[in-house]
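Consider the single chain below, provided in C-alpha cells and representing the form predicted on its own.
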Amino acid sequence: MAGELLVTRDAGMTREVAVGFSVRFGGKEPVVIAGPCSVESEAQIIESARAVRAAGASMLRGGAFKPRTSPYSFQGLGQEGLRLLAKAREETGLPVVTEVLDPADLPLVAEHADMLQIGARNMQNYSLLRQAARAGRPVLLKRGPGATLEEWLHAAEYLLAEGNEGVVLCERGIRSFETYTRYTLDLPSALAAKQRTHLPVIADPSHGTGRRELVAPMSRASLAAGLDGLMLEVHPSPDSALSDAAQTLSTEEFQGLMASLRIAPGTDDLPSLRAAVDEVDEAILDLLWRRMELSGRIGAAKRQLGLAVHQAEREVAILGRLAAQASQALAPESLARIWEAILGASRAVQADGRAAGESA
C-alpha cells in the first residue's frame, strides 16, 4: 500500500536535504546544479565551474563515468574525472554531484563527490540503490525514461529503506511518441511526486527537451510550477562538447537564464559572508541545545539501567560514522576535535542529571 511507504511520510511537506555546508534542497530558494555533461579536461571543468558559480549556481555537475547508448561514444575520464571535479570544487567552493554506475566504484565516487547521482538507466538497479544509500552521501535519483510515477517512488523507497534520508528526486523526461524533443519533460508527474512525498523534486530540462533553445523556457516553467531546483548542462563551447552538445547551454546563455530566474550570484564581500556565518552559528547553537537536551534524557535512561555515563565504544562508533560522512572541507582531525568537545559536554550533562536548560 502506498500509505505504508517511507517515501510518503508527511506527504506534501517537503523536508530539506543538505549537501555540504551551504546547499539545502527543499528550502526557500531553488537549487541550481550546473556544469558539463562530461568532464573532458582540467581546463574545461575549471572554466565551467567558475562560470556557473559566477552566474549563481549552487552546485557543480559533471560526468566522470558516462553511460552512453553507443559503446563507441566518449565514456568519460573515470577516476581522473573525479580528481578534476574535486579540484574544481577546491577552486570554486561548489559542492559536486556526479553519477555512479557500478557498485564497485561507490567508495571512490563517494570520496570525491558531495552527492551521488543515480542516473535514469540505473533507476531500477536495486543492488546499486541499496549500496549507494549506505555510502554516506545524499543521493540524486533520476527518473527512468520509461518509468511510471509509482516505479520512481518505489526506487526512492529502496534508498530510504536503507536509512538514507538525503534523497532528491529529479524529473529528466520520459519517452513518448513525440520525436521533435529528445524526451518529454513530465512536469505533472514531478508535481505529483512533490504532493505525494516529503522529498525535494527538481527538473532536468536539458535531458527533458534535448534542444538548447527549449532549456531556458522549460527551466522557468519548472520553477514557476513549484519545483525545488534545476539540473542544467553548461559548457564553455557547447558545440564542441563530447556529449549532449545539442542540449547544452553556453556559459553566456546560462548567465542570461539565471538573470531571468532572478537568481543572483553569491556575494563575496566581507559583511555578507560574516552575516551568512552568523546564521550558520545560530543554527549550530540550536542543534547543540537539542543535543544537550537529548543527552540529559539519555543520562536518565542510563541511570535507570545502571549504565556508566562514558560509553567508549559508542563514542568511537559516532566518530567513525561522522568521519565517513564528512565533507572534504573538514579534515578528519578537525572533526575529531569538534566532536570530542561535543561528546565531553554531553557526558557532563548526563552526569549532572539534568536536561539542558533546567535550573539547578
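Heads up: residue numbers just count along the shown sequence, starting at 1. Keep in mind it's a predicted model, so treat the numbers as computed, not measured.
Absent from the display: the form predicted in complex with a small molecule. The rest refers to it.
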Name the residue from His207, Lys194, Arg137, Arg89 that puts a heavy atom within 4.5 Å of the small molecule in the model of the complex. His207
Only hit among Gly119, Gly229, Pro238, Gly166 for heavy atom within 4.5 Å of the small molecule in the model of the complex is Gly119
Partner-facing stretch of 291-299, 59-67, 46-54, 314-322, counted where any non-hydrogen atom is within 4.5 angstroms of the small molecule in the model of the complex: 59-67
Determine whether any heavy atom of Glu99 comes within 4.5 Å of a heavy atom of the small molecule in the model of the complex, and answer yes or no. yes
